[in-house]
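What follows is one chain in structure tokens, specifically the form predicted on its own.
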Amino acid sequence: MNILFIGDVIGRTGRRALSDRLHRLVDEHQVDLVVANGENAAAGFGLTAPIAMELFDLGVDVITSGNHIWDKREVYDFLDREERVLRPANYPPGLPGRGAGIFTTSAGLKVGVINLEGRVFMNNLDCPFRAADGLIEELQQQTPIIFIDFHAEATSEKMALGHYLDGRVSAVICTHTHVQTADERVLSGGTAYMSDAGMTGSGDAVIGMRKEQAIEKFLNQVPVRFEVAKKDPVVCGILISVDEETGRALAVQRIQERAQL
């Protein structure tokens, strides 16, 4: 089976790029499940229920997220209602939503998806390594195919989790920095890994935001209101081929395509 993961969708620019390219990617690569990180889909910060439904209408099957999932408080109730939207599992108990789930493809294949957040240069959360241990054991009772979106800052933490889980999950694909890395590979135990899937948004920008505003922030060191950039829209992500019986990754392919808008 083939899993397509789309890196952080940034605002309207990212959603328009996805609208332009997603169906073609799904058809060309015979994709069975589309997972997309949507934590920046609402004007660059957070997610709302209408925008989540827009992503589902575009062909996304599961939305993962990260630290920005909490930026729009109106999404909190939606997180409890909508099982297809995940937030990092290693936040404290009692918060809205869920961090993992089982999702069934049109061919009847069950795929476990886990969302985790890193701790290095990030929030002081529960250990993502130990959180993964428990969730993997639970999901493996239903399927050998398990995909993880690890939303983290430090490449060392990302790589460490990939190797820690190698052979136990199908893929550990990381997000958060918005800069696509060139280290996609299948680890020795059969787990697909990538340090950052990149972003789906403006390529003529600073991590999706207007470059002039980012430069002003660095020059003057005062607060700046960031706006989503619009030029040169690009779709970034990774395609993962997985053995349906064992859950082992067979191949990976980096995705980076300019949208035609």
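Start at 1 with the first residue shown and count on from there. Just so you know, these numbers come straight off a predicted model, no measurement behind them.
Although not depicted, the form predicted together with a further copy of the same chain is the subject of the following passage.
- Under a 4.5 angstroms non-hydrogen atom cutoff, a further copy of the same chain in the model of the complex has Gly203 among its neighbouring residues.
- Contact between Arg185 and a further copy of the same chain in the model of the complex is found at the 4.5 Å heavy atom cutoff.
- a further copy of the same chain in the model of the complex is approached by Lys211, whose closest heavy atom lies within 4.5 angstroms of it.
- Among residues of the shown chain, Ala49 is not one whose heavy atoms approach a further copy of the same chain to within 4.5 Å in the model of the complex.
- Every residue in the set Pro93, Arg130 and Gln256 has a non-hydrogen atom no more than 4.5 Å from a further copy of the same chain in the model of the complex.
- The candidate stretches are 36 to 44, 23 to 31, 50 to 58, 216 to 224, and the one lying within 4.5 Å of a further copy of the same chain in the model of the complex by heavy atoms is 216 to 224.
- Contacts between 152 to 168 and a further copy of the same chain, taken as any heavy atom within 4.5 Å in the model of the complex, involve Glu153, Ala154, Thr155, Ser156, Glu157, Met159, Ala160, His163, Tyr164.
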